[in-house]
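Before any questions on binding or motion, here is one chain by itself as structure tokens, the form predicted on its own.
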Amino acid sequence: MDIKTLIQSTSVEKRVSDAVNKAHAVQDKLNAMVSFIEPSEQLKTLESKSKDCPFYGVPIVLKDLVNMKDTRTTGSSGILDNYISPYDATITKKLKDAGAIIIGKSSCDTFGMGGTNMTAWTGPVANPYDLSRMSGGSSGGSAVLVATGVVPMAIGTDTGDSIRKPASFNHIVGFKPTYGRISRYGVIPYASSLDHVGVFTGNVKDAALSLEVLAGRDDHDMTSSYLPVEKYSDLCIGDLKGKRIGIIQNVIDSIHNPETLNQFKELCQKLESRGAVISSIRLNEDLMHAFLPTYYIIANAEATANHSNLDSLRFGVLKEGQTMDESMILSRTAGFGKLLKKRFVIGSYALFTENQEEVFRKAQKVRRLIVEDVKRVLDNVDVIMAPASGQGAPKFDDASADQLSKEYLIAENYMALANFSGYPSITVPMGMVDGLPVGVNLTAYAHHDAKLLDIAYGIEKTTGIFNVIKEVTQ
């Protein structure tokens, strides 16, 4: 059910209580929530708001990186397990102003650093289509809460593909807009030049409506855009006639699963029958192989700088030592997981004075080449498109992926191109492959969010896959 229909068809009390009850009911199996927020005060405040508010009484969930005053914001970490937010993030305020009722904080990979949602301090998040499989990360908690119908919209963040990959694994829409379109003030950062705030929804129009609520200039975030906010949902027409869609052939050539390729081929044929102009494009193969190492260097260097204040001396969980340095070491040792420590080591190495030119600066130069290459292909098409993943969600204990293979380096990591460039990108459901969901991803030029959403809506109308609710039965 879309958000507008939900508002019209149920009472506020019913939709909020249903969401809270269902969130509790699926928690044991999915482990998607870090903390629940008692909604009574928000409901009381709602009484003074207009019923025309776009999210009037709509239950939603924040990723556990987003500050909300007087609630826990842990970043799914151990070191911030006791942290209580003293203020609202800009997006939290916008959601409250729009009438949303925030019922909790969803699990994520610690500080958004991961692609599995297996590193959260509260444990892994399960995929509702197969509880032995991962949700995808880092925004996996938000993804599964939308996929199971707990909430119609949930906030995520995306630094490499952390909204768009979980959306693929959970048969829902995952959208990250142009860099700077949504303020990040009050959102715990991972890598500032790559981080985007975005949303999970059951359909494209709800993603467009969410952008209308969340977008806009914020002087607290100097990277936020001054461009006016459009009526994105009204601009979703879905007419694909004449729309130019470039298929990323490098990704297609890297996927081994024949069913994924068959489904994608069938989708392209259906889009052509609706008037879309499909062509094959190629990105620079050498640069595509460099996506992952370039991302690791830049993201982890920025993360190391961003989280240097996590010493537990001013806030966070403190482990007492004989000296200030010992307390800091003990607190970080206890409060950081293994993967987090690994990423901070990589980031610190890249930032050492003697390494900056050969490691960090070189990665920045490669990033610029990647962005120029993406711009080159987008000069000739409206969007570029490929399967969001070569297959469905991996099992928790699956260690079979060859991380040096072309399939892994390209097919499973190419969506970082939209973070390097800051371009808007969206994943929508494509179909089921071997009994598991797989999505298709589209990316457009900067600030062409309306065009991207319109084409995505056209694809949604073509597949007929939207507002799918997966009941947890295993």
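Owing to the predicted nature of the structure, the values given are computational and were not obtained by experimental measurement. Residue indices: 1-based, along the sequence shown.
Beyond the structure shown, there is the form predicted in complex with a small molecule, which is absent from this document and is the topic of what follows.
**Q** Please name which of the stretches 329-337, 354-362, 282-290, 157-165 has residues with heavy atoms lying within 4.5 Å of the small molecule in the model of the complex.
**A** Only one stretch qualifies here: 157-165.
**Q** Which one of His307, Arg184, Lys205, Arg343 is close to the small molecule in the model of the complex, taking close to mean a heavy atom within 4.5 Å?
**A** Partner contact (heavy atom, 4.5 Å) among the options: Arg343.
**Q** Looking at Pro128, Gly246, Gly114, Pro387 here, can you tell me which has any non-hydrogen atom within 4.5 angstroms of the small molecule in the model of the complex?
**A** Here the answer is residue option Gly114.
**Q** Hey, in the model of the complex, does Phe169 get a heavy atom within 4.5 angstroms of the small molecule?
**A** Contact with the small molecule, no.
**Q** Is there a non-hydrogen atom of Ser106 within 4.5 angstroms of a non-hydrogen atom of the small molecule in the model of the complex?
**A** Contact with the small molecule, no.
**Q** Would Tyr190 sit within 4.5 Å of the small molecule in the model of the complex, counting heavy atoms only?
**A** Looking in the model of the complex, residue contacts with the small molecule include Tyr190, since a heavy atom lies within 4.5 Å.
**Q** Quick check on Ser77: any heavy atom within 4.5 Å of the small molecule in the model of the complex?
**A** Looking in the model of the complex, residue contacts with the small molecule do not include Ser77, since no heavy atom lies within 4.5 Å.
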